[in-house]
Structure formats: structure tokens, C-alpha cells
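Listed next as C-alpha cells: two forms of one protein chain, kept apart as structure 1 and structure 2.
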Structure 1
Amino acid sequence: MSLVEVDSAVKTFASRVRGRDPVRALRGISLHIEEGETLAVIGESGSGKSTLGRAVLRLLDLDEGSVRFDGTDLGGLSPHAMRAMRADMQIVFQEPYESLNPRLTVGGIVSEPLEIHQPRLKTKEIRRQVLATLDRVGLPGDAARRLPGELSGGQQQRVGIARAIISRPRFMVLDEPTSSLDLSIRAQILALLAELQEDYKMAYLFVSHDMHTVESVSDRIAVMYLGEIVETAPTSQLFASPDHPYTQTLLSARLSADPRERHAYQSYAGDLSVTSPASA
């Protein structure tokens, strides 16, 4: 049994434009994530990646299909039971500042999961864990007294990571966690996430549109196109021998670090009827 199992997930949103058809964000998605594994989900904007990440955590309810976490069907849980489950399932958002309450101090933000999931903890113990977690993500202790607006973008994302890991989750959704950061800061955050995964044995669902990033962080990659997964493969296999034409298009659009290297861009204007079977 996998840690996370998604079976035939369907999610449709009403169009914001009157008279337009509903938007089918997820069209029967099925995937699994093992303990300690990083599964990257990649695709262009609008492909349904972030919707999938939120649906896996039941931040969005599915129209059809199911999500199971460690054998438990999340769709069948009461709000109270789902709230308890969230200690094991966390998310780091794309825009760090927008995901942090600007009126709370960093200490208040990071302590919230403990106050929710371990309400019997004494104030002194909560403070101890907050300071230890801030230190673990590379922030000084005095950051606990500061507001998010006083921090840099990279520091804000470290706060978001600290908030996510303080409850010691088994699984995290990383929704493009470095896309808004400078390249040097991006590398530091990716290294931190890799260290935390090794330390805490967490599984990641890593949502991204950056092929270079997912190549370095993932064990397997699922490629999304128009709400469907068109190809899934181990990372090395997918980069060496992409099967689906859309995957080939994504790889052909990569920019090399070597300015002398050239790739022939391959466009893709197909439809989902040509999808290839997903491999494990």
C-alpha cells in the first residue's frame, strides 16, 4: 500500500465567463506516492497541477474519485477527523508572503500547528519547539518576534517551511515553492527541502513547471496536460527517453546552462487521445 493513492480524481470549476462551459481541471487523475518519495508533477500553467496538489490534501473536494492517505479515504472523513489528519499532511505555497498572516509574528505563525494539533502543550514547550524549528530552517531566533513583511522572500519561504514541518508531517505538497525566488535563494531552499526530507523521511508531491528543478529533486515525474497525466516515469528514464509527444515538447523547450548547446524546439498541438500508458 502506498502512502498516498489518488484514484480517478475529477474536479470541475464553473466558468467565470457567462455562457462558457465549465473548466475540467482534473480529468480522472490516478497516481501513487510512496513513503519518503518525491513525485514531481510538471506541466504548463493551467494544466491542473496546483488543483491536484490541493485536492490531494482535501483543500478542495473532488467531484468524483478518491484520495487515500495511509489507507484512509480522506473523502469519508468528518471535518474534525480531517483536521486531525492534517498534522501528517502539510503544504508549502508558491507565494510565501501571500500564505503568511501579515498581522501575526513569525513565532505566532509557526506555533499555530502545535496549538491546533497539540493543545495540551505548555507555552514554554511551544516556544522551545518554535525556536528549534526556526533554527532548523536557517532562521535566527529573533525572527520569531518579527512580522512577515520585515523579512526577505527567501526568509518568508523558510517561515512557510517551518510552519509546515513543526508538526512532523509524513507528506507535504510543495506548490512551486521556489518559483518566486532568486536563483541563488532557490538553490538554498531546494537544498533545505532535501535535507528535511532525509531527516524526517517525508514524502513530497512537488508541483513545478521547471524541468531543471524537477530533474534534480524528484524520484519520479508525472507530466500533466489539460487536466490529465499523460506520462509517468522514473526521472532518469523520462529525461533519457520521453514517451509522450507533450513530454518531448517540454524537454525540447529547456534552456541549457551551456550557451553553445542548442535544442531543436518541438511543438505539440495534439489532443489527449494520443496519450501513452503511464508507467510506474
Structure 2
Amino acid sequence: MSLVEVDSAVKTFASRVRGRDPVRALRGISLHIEEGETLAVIGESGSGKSTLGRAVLRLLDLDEGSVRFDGTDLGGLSPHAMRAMRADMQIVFQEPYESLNPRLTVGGIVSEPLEIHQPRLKTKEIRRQVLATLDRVGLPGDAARRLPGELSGGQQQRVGIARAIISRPRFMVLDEPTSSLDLSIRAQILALLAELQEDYKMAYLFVSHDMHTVESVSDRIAVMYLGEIVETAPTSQLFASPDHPYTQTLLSARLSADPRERHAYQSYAGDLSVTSPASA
């Protein structure tokens, strides 16, 4: 039995404007994630990756299909039972700032999972764990007293990560968790995630656009396209012989960090007059 099992998940967002087609964000997705495994999800912008992540954690209700966590059908749980279940699952949202309550200090934000699921912990112990966790994601201890708005983009992103890992959940959805981080801190965070996975057998659903990141963290990769999974393969196999055309273009579009290997990108120059009406 897998830790997470998604079976033919369908989610459609109705359009507000009458007459417009609804958005079919998930069109029958099935996947499974084992204990201690990282499944990376890649795919174009708007293909439904974040929607999938939220659906797996039952943060939105599916139109069809089911999600099982540790053998339990999440759709059948009462709100109360679902809340208890959430002790074992966490999420790092794609929008770092929006996912942090602007009125709470960083310390208050990061301590929340502990306060909710381990109510018997002493304040002092919570504080110790918060500081230790902030330190592990590379934030200074004085960050605990600050408000999210007083942090840089990458620091906010790490607060979200600290909040997710502090209670050592068995499963995490990580939605572009390192998009705002520079390479050295990104490496530090990825190493931390790997270590936690090792120590606690955590499973990750890891959404990312960055192929280096995906390659270094994932065991398997699922490629999404227009609400469907079009390809799933072990990481090394996908990198060696991508099947789907989208995967192929993705792999070829990497930019070299060496300015001597400049690509000639002249092909779009012809369209410019169209896209810049203000210059007309």
C-alpha cells in the first residue's frame, strides 16, 4: 500500500462569466507516492500542478475521484477526523508572502503546527524548536520576532518551509519551494529536505520548474499537461529519454550560466510590433 494514492481525480473550476468554458484543471489524475519517496511534478504554467497539490491534501473538494492517505479515503472523513489527519501532512505554498498571516510574527507562524497538534508541549520547548528550525532553513533567530512583511522574498519562502517541516509530517506537498532562493541556500534547503526524508521517511510531492532541482531531488517524475499526467518515469530514465514533446523542449531550454555560450534568440524579433502597441 502506498502512502498517498490518488485515483482519477477530476476538478473543474466553473467560469464566472456566463457562456465561457469552465477550466478543467484536473482531468482524471491518478498517482501514488510511497513512504520516503519524492515524486516531482513538472508541467507548463497553468497545467494544474498547484491544483493537484491542494487536491491531494483535500484543501479543495474533488468533483470526481478519490485521495487515500495511509489507506484512509480522505473524502469520507469528518472535518474533525480530517483535522487530526493533517498532523501528518503539510504544504509549502507557491506564494510565499500570501501564505503567511501578515499580523503574526514569524515565531508565531512557525510554531503553529506544534501548538495545534502537540498541545502539551511547553512554551519553552516550542520556542526552542522554532529557533532550531529557523536556523536550519538559514534564518537568523531575530527573524522570529519580525512580521512577514519585513522579510525578503526568499526569507518569506523559508518561513513557509520552516512551518511545514517543524512537526515532521509524513507527507509534504512542496509547491515551488525554492523558486526565490539563490543557489547556495537552495542547495542548503534541498539537503535539509533530503536529510529529513532520510531520518523520518517523509514522502514529498515536489512541484518545480527548475530541472536541476527536479533532477537532484526526485525519485520519479510526473509530467502534467493540460490537467493530465502525460508521462511518469523514474528520474534518470526521464532525463535520458523523455517521451512527451513538452518534456523534450523543457530539457532543451536550459540557459547556460556561461555568457560565452550565448544563444541567438532572434526568432521573436519579428513579432515585436504586435506585442508593443504603445510604440506604434
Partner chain sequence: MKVMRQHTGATVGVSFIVLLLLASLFAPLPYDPKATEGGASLQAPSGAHWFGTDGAGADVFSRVIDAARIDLSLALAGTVLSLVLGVVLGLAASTKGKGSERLVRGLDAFQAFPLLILALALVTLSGNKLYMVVVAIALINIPRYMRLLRSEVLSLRESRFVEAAMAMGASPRRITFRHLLPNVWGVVLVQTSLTIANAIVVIAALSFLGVGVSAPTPSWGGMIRAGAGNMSSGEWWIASFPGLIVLLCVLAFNQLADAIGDTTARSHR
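Rigid core: the largest C-alpha set superposing within 1.5 Å between the two forms. When a residue number appears, read it as a position in the sequence of structure 1, where counting begins at 1. Because the structure is predicted, anything quoted here is derived from the model rather than measured.
Query raised in the report: Of these two, which one is the form predicted on its own?
Result: It is structure 1; that copy is the form predicted on its own.
Query raised in the report: Superposing on the rigid core, does the Cα of A144 end up 2 Å or more away between structure 1 and structure 2?
Result: It does, since the A144 C-alpha is displaced 2 Å or more between structure 1 and structure 2 after the core fit.
Query raised in the report: Superposing on the rigid core, is the CA of E95 displaced by 2 Å or more between structure 1 and structure 2?
Result: Yes: E95 shifts by at least 2 Å between structure 1 and structure 2.
Query - Angle of rigid-body motion between structure 1 and structure 2, smaller part versus larger, in degrees - result: In whole degrees, the smaller rigid segment turns 12.
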